[in-house]
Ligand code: GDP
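Let's start with one chain on its own, the form predicted on its own, as structure tokens.
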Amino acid sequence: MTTAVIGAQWGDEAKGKITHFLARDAHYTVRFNGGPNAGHTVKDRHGTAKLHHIPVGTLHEGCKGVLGHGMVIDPWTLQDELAALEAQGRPRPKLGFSDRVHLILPHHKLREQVQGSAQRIGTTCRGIGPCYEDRAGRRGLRLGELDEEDTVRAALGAGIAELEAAGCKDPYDVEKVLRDLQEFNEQAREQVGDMRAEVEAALASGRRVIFEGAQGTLLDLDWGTYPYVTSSSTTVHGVGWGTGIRSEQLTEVIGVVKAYTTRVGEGPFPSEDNGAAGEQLRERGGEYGTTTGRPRRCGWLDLVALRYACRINGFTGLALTKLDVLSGLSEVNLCVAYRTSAGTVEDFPAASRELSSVAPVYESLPGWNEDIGGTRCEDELPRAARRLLSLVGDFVGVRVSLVGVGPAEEEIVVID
């Protein structure tokens, strides 16, 4: 079984929890997009792990994590991430890095601040966008080039020159950055190589491989709410783009969706609730960014957007997370259409301006009061919760096969 785990909303769907659950018997977990703008949280016997680069499957001994060439890596943040895991008493994760992966350098973060991307679009200010820009502009630095000092110096020099032209004088110490990169290169050297070939060989030998997506479908550079999107391919199509693995090699594609909807930063959000209900969802769900700490915008589950994500990705199943957050609500709303000046529509528009102008059409369901954290089978869920799961599956045409009922690793209901 070869599985892709893809976010079906604007990210923060608890993909880390679902990937960790599915990777219990996996040999490889492969990240294919994004970088330290991702925040995948797992709670297990060691405590709470907050991962940004490292695939969550590596928290299981025997599972190797691969950082594919579609990612961008911040060497400094990655080393801090490894140190945090070590401080929890965890074994050092077994990792493999593509030699083609691009590096986030100090000027990428500074450039993002100069450009004001965080204010205009709501980016994480981690240098992700500028790094991908340099990659597309054929002026980036790849991990496999760290042995070429002249190439590294040229990349740093070009970055500094651009910042100085924008009025940022003496932005950073080139020699110190060069030493840091050399040290990182020495530490990672044995783990760097052709990861496409290694993963291909693993698949050919029948090994279990999980492809772990970052962000979500609605943040995809092409299929998301452009321009309020990330800089990489976040859908199932990103697996091939970011690893070199062919799409027909996937046997299942799991879409991860929260029982409600959240968004970080700017951009349209039809089912956002700016009232008491939205605040209640935020506080109950702990909706604050793993990477940024920013409060997330909260609202009701948007089935129009979810059906769009299902069609883009060809999901074979859905993992619906944080169902427990809805416990205690007297009423639960589901957005089933959009109201526009021309009438009611059930399709997700391509233009962000058009999406910003729609009003949600809700179907209201009765809530439930039971604490479902200890639930482990579908029949134990309250009738109202089961009705919600059934309605979601019927509307989008994809069955809900996993349900998250709490933050801990074992708090998952498997629906046969």
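Since this is a predicted model, take the numbers as computed values, not measurements. Quick note: we count residues from 1 along the sequence shown, nothing fancier.
If you look for the form predicted in complex with the named molecule, you will not find it shown, but the lines that follow are about it.
No residue of the trio 68, 96 and 244 has any heavy atom within 4.5 Å of the named molecule in the model of the complex. This chain lacks the partner; the member of 73, 254, 325, 155 within 4.5 angstroms of the named molecule in the model of the complex by a non-hydrogen atom is 325. Under a 4.5 angstroms non-hydrogen atom cutoff, the named molecule in the model of the complex lacks residue 357 among its neighbouring residues.
Interface residue remark: residue 405 is counted as part of the site for the named molecule in the model of the complex, having a heavy atom within 4.5 Å.
In the model of the complex, the named molecule lies farther than 4.5 Å from every heavy atom of residue 398.
Using a 4.5 Å cutoff between non-hydrogen atoms, residue 14 counts as a contact of the named molecule in the model of the complex. Heavy atoms within 4.5 Å of the named molecule in the model of the complex are found in exactly one of 346 to 354, 374 to 382, 361 to 369, 36 to 44, that being 36 to 44. In the model of the complex, the named molecule lies beyond 4.5 angstroms of every heavy atom of every residue of 342 to 363.
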